[in-house]
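Take a look at this one chain, the form predicted on its own, written out in structure tokens.
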């Protein structure tokens, strides 16, 4: 297996981890003596206890550097800014294996099913938004009453993004690329559980040609994120994570300088499977949607509602496919592994706790057993006949655990699918396009798949309704969330 050690030009390896902050285009020590400890989830071993924690002084320094860089960065000609973003994308792609390994050692994500995808997503996001730089124009309105009206999309200034541990490289692109493309400066705060790939980006940021202060990386725990959310000179913060933390971020933003906020929060995504579906297609999508990244995906299809007429056949196929996937649970260092461990002991205890309590809340169909004698591995697990008030029915588990219930009528399926405070993703499986469009329209969800689920696209909005989020990432919408529309009125009769 190739590894980061075969690409010494990256500058970092598993024996030479990036642990310093990246401020003003330099790797620097934190002003604090406190450090983070991170562990390998395949066996619980210590990876490093030296990861820097950015304190208030470090955050102030980074914000000051971004403020100083902002006037020149927003004035950089479109073609030049585009080339910097494109170069950065190419560098990420060049170092795909190395960056993925820096993530794998603390996330446990196998390269073939997650590491390669993440690096590709990050690179492609920068390419996508680079192409928008000279196309995100304002509007003009016909002359009326002696006035002409035009609008401009202007950058906000210093912006920040807090990235979760389950997508520590891919989600960097979703937040940083539109911010930088529109002329903002950007401060990245990676998760304390998966900091290394983000910190290693510092070298690529310099190599791509970003001026000092434009793109910076501050590692740290929740307190570092809070410092950014409260900072009076940060104009926008984008957060991906849990609903409780998202509420705190929004509160801190409002109590400081009323900064803009984008929140991409939790999910409990329903898949509604009708009698007339393509059964094999429905099973394949539903299996992938709960097993990918060991179920640690906000839009994982964790609630399945299957119509009575195909319930037995779907259940049999779904169970067999997940048990086949369970046989591919193993060491994430091996390229043949499809399902790795959960991220850490805390997540393992959370997920296994749900599984243990779930045996009293439904009927165990498959899974629920210990996979290995060490590490944080969990079998894909399914419960059937789960009551609507059950904990495993209503709460996001964030692991490879789903519930499978039946329904009879379309109205019943919609009522069950919409009966939560989550509204991120939903899916409907049927070969009747009229029914599909009717159900899709009635889902209380920011995203809907027809004959697919748990999928997104770069050029369409990503985000949820209800408590699953606020604002959107991807597509033109992301650019709008990083800019302020300015209206200019020209008096033609003076």
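Positions refer to the first chain, counted from 1. Nothing here was measured: the structure is a model prediction, and the numbers come from that model.
Although it is not shown, the form predicted in complex with a small molecule is what the next lines describe.
For the residues 406, 420, 379, 240, the 4.5 Å heavy atom test against the small molecule in the predicted complex is passed only by 240. For the residues 166, 106, 402, 182, the 4.5 Å heavy atom test against the small molecule in the predicted complex is passed only by 166.
Using a 4.5 angstroms threshold between heavy atoms, residue 191 counts as touching the small molecule in the predicted complex. Contact annotation: residue 170 falls outside 4.5 Å of the small molecule in the predicted complex, judged by heavy atom distances.
For residue 39, no non-hydrogen atom is located within 4.5 Å of the small molecule in the predicted complex, even though that partner is not displayed. Interface residue remark: residue 248 is counted as part of the site for the small molecule in the predicted complex, having a heavy atom within 4.5 Å. With the small molecule omitted here, the record of contacts in the predicted complex names 248-256 of 248-256, 352-360, 380-388, 310-318, defined by a heavy atom within 4.5 Å.
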